[in-house]
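Read the single chain below, which is given as structure tokens and is the form predicted on its own.
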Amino acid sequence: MQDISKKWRETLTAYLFLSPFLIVFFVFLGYPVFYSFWLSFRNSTIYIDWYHVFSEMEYCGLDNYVTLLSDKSFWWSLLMTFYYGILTIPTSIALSLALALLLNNQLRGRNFFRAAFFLPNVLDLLVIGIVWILIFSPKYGLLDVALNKIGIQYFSDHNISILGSPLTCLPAIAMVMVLKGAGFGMILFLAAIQNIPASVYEAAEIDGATSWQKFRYITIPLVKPIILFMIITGTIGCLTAFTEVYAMTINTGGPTVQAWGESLKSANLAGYYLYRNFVDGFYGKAAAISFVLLFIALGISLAHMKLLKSE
């Protein structure tokens, strides 16, 4: 009995110390998640009396979810998000790993370069977006001037920026995000590579392994958890991408394209589409979109975990 009472006292003491966090968690995260799920089954617009939210909202069942199935803008946003993921996730992993391998060597000034590559990751995304808008601007932008030097004058001749063309807008945003996040991935890969015992590489050298064989059969398998982590976080980042589109298209969603018989925005990613519905006052629909994106992210993450699961 004394052992049981002691265990209960220890448990209650632990919960007592955890209570500040638990209170904050349930008030600022738990309740909003529950409320968003409840909201997704309601016909909620900007005209609702927000002082009587639970009594004013009309129950509509699965209408918000069914509406998404026939919404071309929603499917277009998923398609653009998939395209954005293809552009960013593999490129980010490859660049981060390349930087980690390069800066893992005994290069002079390697600490400076590590800090320099990591620095963009801590900068505010809105600031980075404004800087790149200036770089991408036509005629006087740094990139357009450089392109003119090598004979590419398409953007100058048409007086449009790279962000103003539907063909280059989303790839340009993807490039900026890859450059911004490469430093963080580099740090993760560096930590993983430096934890690989040197004896493993020495044994491979004794067996006559080439540099490529050591990279393929030792480095890649042992940094696989980092690759899986970057794929999952990259997938979530793509599905919730909003700030980069907001900043670099000046809250327009990018130039317009004609697709599926409608005028659609070339950079209208799923996260930005969710934001536009919320801003326009379609709160029930926005809540439904958020949970659809949640289930998509869970499905993709579980699929990647099975594909990359360690033996």
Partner chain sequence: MQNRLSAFAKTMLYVLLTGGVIIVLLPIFWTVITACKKPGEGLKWNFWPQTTIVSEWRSLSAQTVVKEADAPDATVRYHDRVQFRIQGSKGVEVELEKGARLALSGPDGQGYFAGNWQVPPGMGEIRYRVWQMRTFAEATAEIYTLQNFKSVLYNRDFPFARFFLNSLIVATVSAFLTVILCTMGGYVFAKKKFFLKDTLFLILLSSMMVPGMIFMIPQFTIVSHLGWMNSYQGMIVPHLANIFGLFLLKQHITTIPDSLFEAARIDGANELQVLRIIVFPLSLPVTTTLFLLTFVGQWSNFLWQLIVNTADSPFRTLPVGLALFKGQYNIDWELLMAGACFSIIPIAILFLCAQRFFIAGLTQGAVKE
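Positions refer to the first chain, counted from 1. As the structure is a prediction and not an experimental result, all values here were calculated from the model. What we label the rigid core is the largest C-alpha set whose atoms superpose within 1.5 Å from one form to the other.
Form predicted in complex with its partner chain: not shown, discussed below.
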Legend entry - Contact assignment for its partner chain in the predicted bound form, among L119, I86, A203, I152, heavy atom within 4.5 Å: L119
Inset, instruction - Quick one: from V257, C60, L68, V33, grab the residue that has a heavy atom within 4.5 Å of its partner chain in the predicted bound form. - result: V33
Legend entry - Stretch in contact in the predicted bound form with its partner chain, which is absent here, among 163-171, 141-149, 86-94, 70-78 (heavy atoms within 4.5 Å): 141-149
Inset, instruction - Report whether all of V27, F229 and T240 sit within 4.5 Å of its partner chain in the predicted bound form, measuring from non-hydrogen atoms. - result: yes
Inset, instruction - Spell out, yes or no, whether the shortest heavy atom distance between F41 and its partner chain in the predicted bound form is within 4.5 Å. - result: no
Inset, instruction - Considering only heavy atoms, tell me if A303 and its partner chain come within 4.5 Å of each other in the predicted bound form. - result: no
Legend entry - Close approach of A115 to its partner chain in the predicted bound form, 4.5 Å, heavy atom: yes
Inset, instruction - Find out whether any non-hydrogen atom of D207 is located within 4.5 angstroms of its partner chain in the predicted bound form, and reply yes or no. - result: no
Inset, instruction - Taking its partner chain as it sits in the predicted bound form, which residues of 262-296 have a non-hydrogen atom within 4.5 Å of it? Please list them. - result: G271, L274, Y275, F278, Y283, A286, A287, S290, F291, L294
Inset, instruction - Using a rigid core alignment, state whether the CA of F25 is displaced by 2 Å or more between the shown form and the other one. - result: no
Legend entry - CA of Y15, rigid core aligned, shift of 2 Å or more between the shown form and the other one: yes
